[in-house]
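Next comes just one chain, in structure tokens: the form predicted alone.
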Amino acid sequence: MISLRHKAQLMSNIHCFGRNLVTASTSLLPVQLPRQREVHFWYVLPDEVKSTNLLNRYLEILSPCEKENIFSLRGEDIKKRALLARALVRTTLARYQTNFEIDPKSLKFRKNNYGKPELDWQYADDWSLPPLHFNISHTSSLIACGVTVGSPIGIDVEEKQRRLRNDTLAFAQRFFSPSEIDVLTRIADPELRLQEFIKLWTLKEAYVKALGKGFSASPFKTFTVRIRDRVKGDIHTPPHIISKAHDISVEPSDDLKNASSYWQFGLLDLAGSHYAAVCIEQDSIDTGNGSIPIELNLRKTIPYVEDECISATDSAVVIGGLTRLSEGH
């Protein structure tokens, strides 16, 4: 157990992340629910959150268990990112529930059998609450939360400058399918091969998280992510020329085939520094064919302070999957 004195020290440390104070608004502004085949993708850059008062406010909306988990972490940057991740989830989901007067602090969560967090409405009096699904991912420099209505979702973000301790192919052979390894082997340039590896890893993470089973129940080797050119067929192009013309699909093993009949992906180059992948279960939100793209509503945020809708610019580019960025609303 952590002593009260040690908790006080940790509280003091977490309160001293920055000196530049930000005046936050008194309430969360409401947002419209995602439509069919729409994903809301919220992200925050930890380096832009420097207000001591604001971080204190985030801490106040967490549950005792969440606080305990943060206090148990080592390193102030790690504590800050964990705090921002939990605050992003709570403030984001609460904004869809303003008609029900739900406070971020009152939200309750549960985990499925594999440990994936879900909203828990068992104590809610109003059973008309929308079936929100969410998923979170973070790196040291970006924290993201994806939200849908009625559709399981998985997201992942990875730094483009990520480096591996081992050779890319040697690392891939531990986790990737034979088909994916073959794709990487045919890329001669080491840097391009690494970028393609990171993209595949990001997509595979998003798929596993959308399944809700976790890596242990859905090992990366048990399925293949394919990038197909819609014009030329099953052709894998080098990552530096991959474009919106490429569909992304998954070929699961027999163990996973009955998990869903169809999954749809989106892959982004985000802020010039990250790859972001989104995976949703199509047949649970739409009965049409797979030619209709995912509408991706991208929002950069600092909870309680500001939001910025990100459209298709240099800071957000769709590089794979049948996906388009919306103008926001």
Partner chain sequence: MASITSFSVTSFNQTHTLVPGCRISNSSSVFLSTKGRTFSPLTLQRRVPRFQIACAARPETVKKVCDIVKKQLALPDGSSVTGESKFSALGADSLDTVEIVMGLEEEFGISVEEESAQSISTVQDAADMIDELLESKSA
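Computed from a prediction, not measured in an experiment: that's the story for all the values here. Positions refer to the first chain, counted from 1.
What follows is about the form predicted in complex with its partner chain, which we do not show.
Student: If the criterion is a non-hydrogen atom within 4.5 angstroms, does every one of Leu73, Ile78 and Glu158 touch its partner chain in the predicted bound form?
Tutor: All three within 4.5 Å in the predicted bound form.
Student: Just one of 112 to 120, 81 to 89, 147 to 155, 183 to 191 has heavy atoms within 4.5 Å of its partner chain in the predicted bound form; which?
Tutor: Contact-bearing stretch, as computed: 81 to 89.
Student: Although the partner isn't part of this model, could you tell me whether Arg228 comes within 4.5 Å of its partner chain in the predicted bound form, counting any heavy atom of the residue?
Tutor: Result no; Arg228 lies far from its partner chain in the predicted bound form.
Student: Though only this chain appears here, would Phe134 touch its partner chain in the predicted bound form if you measure heavy atom gaps against 4.5 Å?
Tutor: No.
Student: Even though its partner chain is not shown here, does Lys300 get within 4.5 Å of it in the predicted bound form, heavy atoms only?
Tutor: Residue-level check for Lys300: no, no contact with its partner chain.
Student: Considering non-hydrogen atoms and a 4.5 Å limit, does its partner chain approach Tyr96 in the predicted bound form?
Tutor: Judged by the heavy-atom cut-off of 4.5 Å, Tyr96 is well away from its partner chain in the predicted bound form.
Student: Which residue, Val31, Leu59, Ala271, Leu28, has a heavy atom that falls within 4.5 Å of its partner chain in the predicted bound form?
Tutor: Of Val31, Leu59, Ala271, Leu28, the residue with a heavy atom within 4.5 Å of its partner chain in the predicted bound form is Leu59.
Student: Using a 4.5 Å cut-off on heavy atoms, what residues in 156 to 175 are near its partner chain in the predicted bound form?
Tutor: If the 4.5 Å heavy-atom criterion is applied to its partner chain in the predicted bound form, 156 to 175 yields Glu158, Arg162, Arg163, Leu164, Arg165, Asn166, Ala170, Phe171, Arg174, Phe175.
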